[in-house]
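First, one chain by itself: the form predicted alone, in structure tokens.
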Amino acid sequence: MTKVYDRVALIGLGLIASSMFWAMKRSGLAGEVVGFARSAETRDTARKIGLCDHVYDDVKEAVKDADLVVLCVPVGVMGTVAAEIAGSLKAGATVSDVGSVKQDVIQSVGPHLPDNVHFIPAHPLAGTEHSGPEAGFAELFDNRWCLLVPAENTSTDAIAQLRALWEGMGSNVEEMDAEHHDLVLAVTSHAPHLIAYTMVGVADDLGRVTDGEVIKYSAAGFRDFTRIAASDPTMWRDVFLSNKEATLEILGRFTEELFALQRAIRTGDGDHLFDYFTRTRAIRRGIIEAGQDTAAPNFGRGAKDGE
């Protein structure tokens, strides 16, 4: 694989950043990969496991001379980090991110960046419920999608270079505008996470079913809810607050559908339930056919996930 960037700086060293490092090293995509994390404990862990060629204690030092800077921090603090590093960025560098919301990131990061850098927001649609520097692995992005959300008039060469990096790390890459991205993700990720958190919360509140029974008798459906609901709470708090409109729109639609299903169950309308479940089953088949999941029941619980 050809080297795409001479020097890459990863700001924030959690699951995505650590997976990016191992994926870049696997394919020789960067000459040097450096990192920074706000927490001294995280920096120490990164150094201990060999994550990044060099881990800096100062974010400004980390981004200096980097050809690509990737913000791998919660979306709620991206604006603050951008303001901090703006004066240390190399002319002609590309600044990107891995946040799961794009309109808010563009509004909070964009105004801080100097005119002589390229800003190309991105979102790799990959992850596990595990977080932290030790959670990453090189294969995380293989055959997963990464969405690039470049602003108008962004250099086509800079976009092509970032695309080459993500493709080199195993991703399928598409470009999308920010508003559409946030709506798509509200459907495919944000609302499902909120529903999972809610269902686990309901089980926790239901006094007539003990904690022991919930744990002991968890069938696959509830078990998968708990897996989703184990995701990083800081990240998901920021996601919902920064993608408020799209998430509320999808939750409104969800509530309407839920009421219709409640009515069908109450009135004994089996035809409605059967037709609805048949339609939704076809979507699952489509996901498997697209190679974005496997029909194997233990998908997502392999050794890489620590289970």
Ligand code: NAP
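The first residue of the sequence shown is number 1, and the count goes up from there. Note that the structure is a prediction, hence the values are computed from the model and not measured.
Below, we turn to the form predicted together with the named molecule, even though it does not appear here.
Asker: Give a yes or no on whether every one of E32, V95 and L165 sits within 4.5 angstroms of the named molecule in the predicted bound form by heavy atom.
Answerer: The answer is no: none of the three residues contacts the partner (heavy atom, 4.5 Å cut-off).
Asker: Check each of L148, A126, A178, A82 and return the one that places a heavy atom within 4.5 angstroms of the named molecule in the predicted bound form.
Answerer: Selected option: A126.
Asker: Quick one: of V173, A86, V77, A203, which gets a non-hydrogen atom within 4.5 angstroms of the named molecule in the predicted bound form?
Answerer: For this set of options, the contacting one is V77.
Asker: In the predicted bound form, which of the stretches 86 to 94, 210 to 218, 131 to 139, 156 to 164 has residues with heavy atoms within 4.5 Å of the named molecule?
Answerer: Stretch with heavy atoms near the partner: 131 to 139.
Asker: I120 near the named molecule in the predicted bound form, any heavy atom under 4.5 Å?
Answerer: Although the named molecule is absent here, I120 would stay clear of it in the predicted bound form, with no heavy atoms inside 4.5 Å.
Asker: Is D224 one of the residues lying within 4.5 Å of the named molecule in the predicted bound form, judged by heavy atom distances?
Answerer: Heavy-atom contact with the named molecule at 4.5 Å: absent for D224.
Asker: Just checking whether I228 would be counted as a contact of the named molecule in the predicted bound form - the rule being heavy atoms within 4.5 angstroms.
Answerer: Contact check for I228: no, nothing within 4.5 Å of the named molecule in the predicted bound form.
Asker: With the cut-off set at 4.5 Å between non-hydrogen atoms, does K64 touch the named molecule in the predicted bound form?
Answerer: Flag for K64 set to no.
Asker: Scan 143 to 168 and note down the residues that get a heavy atom within 4.5 Å of the named molecule in the predicted bound form; none is a fine answer too.
Answerer: Nothing in the stretch sits within 4.5 Å of the partner.
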